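Next up: just one chain, as structure tokens, the form predicted on its own.
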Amino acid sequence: MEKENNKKLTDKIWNFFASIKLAITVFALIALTSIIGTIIEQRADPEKNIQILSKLFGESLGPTMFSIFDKLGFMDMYHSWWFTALLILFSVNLIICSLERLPKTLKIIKDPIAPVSDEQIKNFLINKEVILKAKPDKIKDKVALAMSSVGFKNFQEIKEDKGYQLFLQKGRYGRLGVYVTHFSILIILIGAILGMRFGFNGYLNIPEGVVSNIAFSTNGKEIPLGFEIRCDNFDVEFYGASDMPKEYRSWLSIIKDGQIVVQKSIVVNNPLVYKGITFYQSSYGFIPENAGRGILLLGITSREGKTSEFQLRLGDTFHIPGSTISGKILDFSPALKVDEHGHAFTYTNQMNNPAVLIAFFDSDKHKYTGWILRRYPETGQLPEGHRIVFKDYWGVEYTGLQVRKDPGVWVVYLGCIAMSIGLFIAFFISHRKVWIKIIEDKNNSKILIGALANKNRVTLEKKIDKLISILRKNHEGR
């Protein structure tokens, strides 16, 4: 009695997890919560999500909705216990559903095709009848040829009382496509859980020339990298004369045990990857407090063609080679503009149009002062024929990096490949069975054709029609 009760309980649990209703419910919950998780910025500052929720629910309800979603764990839902539990429940349901149905599928696959009766053929969804003027012995080879022409090869043949029966089955393993797809979903879920539990998503803003061995999570928590990363340089290229960035690039070095092990310049969509941690180019900015401490890189070409390069700071002086002219760095602007009165001013606190103010002297006698703009090289042409190129102001910008580690990403890729294979098998390979009976009918042959397919029945029916057409054509051309 006790064993029977235990069996009933086990059956109930098994049936619960094998339920399609459970699969639909859990899948709907995952989809719904994922939509909410997409709208709410994960691990973001509360103010950002309060602003988002205020737009959706109104200013008065925004803070209340934030409080509710926060208590439910939606601010970091992909690391929450309940979302992981949903994924595990979905996985268990998927496994048990597959195990529940797999034995029946395997039995269908293993069962050999057997001859059928006339009545069975007539009851198939696909059934055709053709009368040809000839005895079955003369028709049989033509039927076989027509079958081969439409891809029905490797068929079996038996002799019957009034003629012959030819039959075959194809694509039996196509029934496993759905299980390959289920398996791929499990692989993807495992990859996702690995990423959620053992990975991270953070950021790092590094000024030029600075080394860091940590990144920061979105809530400001330090994440040790296990190595050091240095921003060697940063630069922005703009569209024409506009302030719209065309491309921004960072030159990075990875340092391990005091040695540079990797150097790479990165742009958006071309990250640096080291030890499973990926550094994406995501933002940049100007550091105002560093404006007076950066290093100016000037390229100078004298009118005689002699070139030289200087690394200077504000207040430094330089001499143009082969001349008595010298220059003194007076000022710097990250974004210089001139108003209608000819007055220069800084219009934004970004390096959109960097310029340097230089006073020029001839034998210590002041000659003139002017701005040289980096994006407008013609401003560096001096009246005496010398040319100055403002190459860079190093050390005053930072590069913004998105830092991500996802140990499950390759598992997810593997799952995606498996899913592609599974879906291809599931949608494009059908299990087909075809029977053709050639029956002597007085001096004629009656040909009965029956066919079954677990999917894509229309395609199989077209192929049967083509077989009949070929058969008639071959017979008429005898």
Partner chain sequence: MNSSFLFGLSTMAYIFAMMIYITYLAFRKSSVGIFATIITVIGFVSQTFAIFLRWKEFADLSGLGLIRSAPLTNLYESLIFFVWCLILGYLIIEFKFKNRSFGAFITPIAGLALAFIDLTGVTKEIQPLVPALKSNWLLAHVTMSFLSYAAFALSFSTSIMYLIFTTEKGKDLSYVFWTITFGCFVVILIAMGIDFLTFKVAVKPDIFIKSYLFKSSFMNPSGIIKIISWIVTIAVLFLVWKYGYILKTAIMKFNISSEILDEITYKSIAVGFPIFTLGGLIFGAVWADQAWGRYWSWDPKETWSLITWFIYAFYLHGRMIRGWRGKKIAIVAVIGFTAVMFTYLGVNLLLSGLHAYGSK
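Only a predicted model underlies this, so the values are computations on that prediction, with no experimental measurement involved. Residue numbers count along the first chain shown, from 1.
There is also a form predicted in complex with the partner chain; it is not shown, and the following applies to it.
Taking the partner from the other structure, the partner chain in the predicted bound form has a heavy atom within 4.5 Å of a heavy atom of residue 182. With a 4.5 Å cutoff on heavy atoms, residue 101 counts as touching the partner chain in the predicted bound form. The partner chain is not shown here, but in the predicted bound form it comes within 4.5 Å of a heavy atom of residue 282. Though the partner is left out of this view, residue 380 does not reach within 4.5 Å of the partner chain in the predicted bound form, counting heavy atoms only. Comment: the partner chain is not present in this chain, but in the predicted bound form one of 159, 246, 110, 341 has a heavy atom within 4.5 Å of it, namely 246. Checking 371, 74, 83, 164 for any heavy atom within 4.5 Å of the partner chain in the predicted bound form turns up a single hit: 83. Picking from 64-72, 443-451, 430-438, 26-34 the stretch near the partner chain in the predicted bound form, with a 4.5 Å limit on heavy atoms, gives 26-34. Of all the residues from 400-421, those having a non-hydrogen atom no more than 4.5 Å from the partner chain in the predicted bound form are 402, 404, 406, 409, 412, 413, 416, 419, 420.
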